[in-house]
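So this first bit is one chain, no partners, the form predicted alone, shown in structure tokens.
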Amino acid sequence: MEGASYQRFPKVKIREMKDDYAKFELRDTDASVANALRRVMIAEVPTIAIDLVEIEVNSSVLNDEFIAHRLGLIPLTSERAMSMRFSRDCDACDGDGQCEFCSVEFHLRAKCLTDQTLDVTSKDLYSSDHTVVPVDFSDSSGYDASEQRGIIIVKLRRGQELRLRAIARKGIGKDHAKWSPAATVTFMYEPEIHINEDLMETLSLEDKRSWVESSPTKVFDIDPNTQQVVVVDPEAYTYDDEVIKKAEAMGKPGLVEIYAKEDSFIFTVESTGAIKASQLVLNAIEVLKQKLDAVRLSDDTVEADDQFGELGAHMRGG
């Protein structure tokens, strides 16, 4: 309808927040917005990853390309990625991608001098910028720090050596998975479950127990005091319809009604450690806003062209 407003005001409620994990509710919006946010978190939030490797000496059992690939997949702390320049857009180095504004330099030098195998790990990478370093997973592991020496790159035996220089650059997961800051991003529709209490009363305790056990996940249980079937964890429901099929098989269709709330979503976000999960969500919202602004600007440009014809295109350099 002409002049009608479809503006909505989404709400976010944080359920759980850790450095590498977040769980939150997104309400009062559409599935299209929820899915756009999920896709942006996976593929369009920028991080920093090793993109160029110059190997000086490599006498290990792994070839140069193998080591370069392993280096690229090591997550690097990327808090400053949003403010860095893409190497292709950097005017300080003419797109060469090797200046302080668009890149970070790493060096690795390792040689095995004993009969014991030497593990070369991400902690052997030395960065030119203390804010961009390999992610340290030892704090969250619960193991002794001496046992957690980072991500293994290669193992060396006596006399073997590895020396290299690496350049890390800003990028997005859409270009290569090594730049994706998300290990997992999922969302599910929040389920709404209504039990027909009158119909449930017609079942015996044994039938109730059989019906509750038909669910693959622990969604329902029987109250030990009232012997009533209760919903204990609606979010454990996986939309498998097993309890609905069971009710129909028992001759009790309509025993339970389950439907998904179309404007309420539960997000689970796991970060690779490159940026905190909370920052990943905030950065994704910022990127999504920039994309929407670009669409709006594009619409304004088309509108101007329609209104002013060739003059409008000429004024914007078209």
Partner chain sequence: MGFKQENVDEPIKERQEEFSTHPSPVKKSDIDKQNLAAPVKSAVDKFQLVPEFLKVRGLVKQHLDSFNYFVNTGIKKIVRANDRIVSSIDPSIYLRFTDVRIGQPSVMVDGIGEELTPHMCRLSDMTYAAPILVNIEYITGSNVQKTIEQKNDVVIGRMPIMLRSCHCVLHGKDEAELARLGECPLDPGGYFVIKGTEKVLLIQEQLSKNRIIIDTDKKGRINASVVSSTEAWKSKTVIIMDKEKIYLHLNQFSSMIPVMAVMKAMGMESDQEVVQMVGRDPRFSALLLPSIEECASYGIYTQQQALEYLERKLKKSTYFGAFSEKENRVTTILRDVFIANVPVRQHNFRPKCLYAAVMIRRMMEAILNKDAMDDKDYVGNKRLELSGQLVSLLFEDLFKTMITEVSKTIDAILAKPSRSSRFDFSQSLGRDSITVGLERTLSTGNFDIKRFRLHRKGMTQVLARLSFIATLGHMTKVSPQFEKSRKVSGPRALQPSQWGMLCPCDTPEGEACGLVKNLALMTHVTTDEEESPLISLCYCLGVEDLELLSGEELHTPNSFLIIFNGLILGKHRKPQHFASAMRKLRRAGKIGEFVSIFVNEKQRCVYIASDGGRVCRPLVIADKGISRIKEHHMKELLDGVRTFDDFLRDGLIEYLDVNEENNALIALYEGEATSETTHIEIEPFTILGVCAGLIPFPHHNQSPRNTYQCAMGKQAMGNIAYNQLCRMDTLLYLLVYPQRPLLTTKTIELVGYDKLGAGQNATVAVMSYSGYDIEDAIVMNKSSLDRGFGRCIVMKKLSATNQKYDNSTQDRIIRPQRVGYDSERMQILDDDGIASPGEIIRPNDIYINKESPIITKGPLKSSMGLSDSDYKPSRQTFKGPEGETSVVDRVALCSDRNSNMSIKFIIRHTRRPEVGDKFSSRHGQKGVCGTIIQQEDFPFSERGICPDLIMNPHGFPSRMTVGKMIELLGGKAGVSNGRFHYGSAFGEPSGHADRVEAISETLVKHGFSYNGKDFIYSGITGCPLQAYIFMGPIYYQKLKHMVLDKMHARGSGPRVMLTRQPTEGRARNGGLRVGEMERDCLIAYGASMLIFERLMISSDPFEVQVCRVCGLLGYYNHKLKTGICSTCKNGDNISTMKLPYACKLLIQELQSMNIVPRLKLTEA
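Keep in mind it's a predicted model, so treat the numbers as computed, not measured. Residue numbers count along the first chain shown, from 1.
The form predicted together with its partner chain is left out here; the points below concern that form.
- Only one of Thr217, Ser210, Thr131, Ser128 lies close to its partner chain in the predicted complex, with a heavy atom inside 4.5 Å, and it is Thr217.
- In terms of contact with its partner chain in the predicted complex, the residue from Thr117, Ser83, Thr186, Gln227 that brings a heavy atom within 4.5 Å is Thr186.
- Considering its partner chain in the predicted complex, the lone stretch of 273 to 281, 28 to 36, 249 to 257, 286 to 294 in range is 28 to 36 [heavy atom distance within 4.5 Å].
- Mapping the unseen interface onto this chain, Ile42 counts among the residues with a heavy atom inside 4.5 Å of its partner chain in the predicted complex.
- In the predicted complex, Asp241 approaches its partner chain with a heavy atom inside 4.5 Å.
- Its partner chain in the predicted complex is not approached by Phe106, whose heavy atoms all lie more than 4.5 angstroms from it.
- Contact between Arg158 and its partner chain in the predicted complex is not found at the 4.5 Å heavy atom cutoff.
- Site residues Glu65, Lys174 and Tyr237 are all in contact with its partner chain in the predicted complex, judged by any heavy atom within 4.5 Å.
- In the predicted complex, Leu73 is the single residue of 71 to 90 with at least one heavy atom within 4.5 Å of its partner chain.
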